[in-house]
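Below you'll find only one chain, the form predicted alone, shown as structure tokens.
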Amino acid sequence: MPEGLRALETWMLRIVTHPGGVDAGFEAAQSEGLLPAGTSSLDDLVPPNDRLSAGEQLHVYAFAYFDRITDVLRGEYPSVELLLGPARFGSLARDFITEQPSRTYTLNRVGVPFSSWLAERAGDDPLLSFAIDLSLVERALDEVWDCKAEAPVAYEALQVIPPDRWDRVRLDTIDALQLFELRHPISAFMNGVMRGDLDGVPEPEPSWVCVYCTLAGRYRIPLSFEQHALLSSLVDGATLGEAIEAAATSEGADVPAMLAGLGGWFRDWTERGLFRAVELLD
């Protein structure tokens, strides 16, 4: 890149992305030695015209920078915005953009650190604590969408395995699957967002969620504690026998209910397309 173009891009980026606005950005760029020698005002950088001053021209870019990325965050985290309200979400988004500026060429990655950033500033704020869980799941819905679509295994592939060999079965889960153990019951709230029928914010309560994507689309389903434990072991590569044992011996597991529900769970998960391969080990 020519040095002149590099210098221009450097000072312009500093000015139009400064959280204090164009004038504050100019002062920062000047104090940091980023401006061409002899620059004393914005007019020395950008010639004014008969419609806009130098500052007004640069302000167009400054406004667009924050506004465009805020729009991206709104699109990725609609439930978080409804929880916090547009004004507070917009304020948080601006702070986030200032503290975590995009470092990639694509806007698809700009919101990746949002959940961890919220966690650093949530403190005892119950709404922000709830927002963290919402943001984790909403981000996952975008991430699984970007995974390669995979052909699922049919339920019949499980049915042909003799019952006495099920402990030696390994079910390979699709890549487009993420599991969450959360502190809040986010499913009911997100369902309300989709219906446009919000009924307050639920009290903190442990919940478990599966986010996945198949050829048919992307989905979010609530899980029980036992279902989450079982699927987590399968994702980690355990055999079906090992996964069932791990889930059954987890503290607080309802073993009778789990054993009674296993057949229905695996039919449902297989029909949803959560598995891409079935391997019967020797």
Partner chain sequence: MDVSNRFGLPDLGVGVGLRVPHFQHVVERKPAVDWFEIISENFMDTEGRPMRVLEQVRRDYPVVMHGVAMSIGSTDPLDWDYLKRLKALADRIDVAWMGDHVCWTGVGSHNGHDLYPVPYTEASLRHVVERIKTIQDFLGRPLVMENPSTYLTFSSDEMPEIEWIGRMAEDADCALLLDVNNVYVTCRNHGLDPMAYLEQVPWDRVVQNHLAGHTDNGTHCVDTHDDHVCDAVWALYGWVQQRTGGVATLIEWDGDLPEWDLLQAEADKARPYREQLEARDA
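Residue numbers count along the first chain shown, from 1. Given the structure is predicted, the values throughout are model-derived calculations rather than measurements.
Just so it is clear, the following notes concern the form predicted in complex with the partner chain, a form of the same protein that is not shown.
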Just one of A248, V235, L52, L34 has a heavy atom within 4.5 angstroms of the partner chain in the model of the complex, so which one?
L52
Of S129, S102, S91, N191, which one comes within 4.5 Å of the partner chain in the model of the complex, counting heavy atoms only?
S102
I'd like to check something about D254: if you look in the model of the complex, is any of its heavy atoms closer than or equal to 4.5 Å to a heavy atom of the partner chain?
no
Residue-level contact is defined here as any heavy atom of the residue lying within 4.5 Å of the partner chain in the model of the complex; does F266 satisfy this criterion?
no
Hey, in the model of the complex, is D44 touching the partner chain, heavy atoms inside 4.5 Å?
yes
Against the partner chain in the model of the complex, would R109 count as a contact residue? Criterion: heavy atoms within 4.5 Å.
yes
Heavy atom distance at most 4.5 Å to the partner chain in the model of the complex, all of E9, V16 and D146:
yes
Can you say which of 183 to 191, 132 to 140, 67 to 75, 203 to 211 gets within 4.5 Å of the partner chain in the model of the complex, counting heavy atoms only?
67 to 75
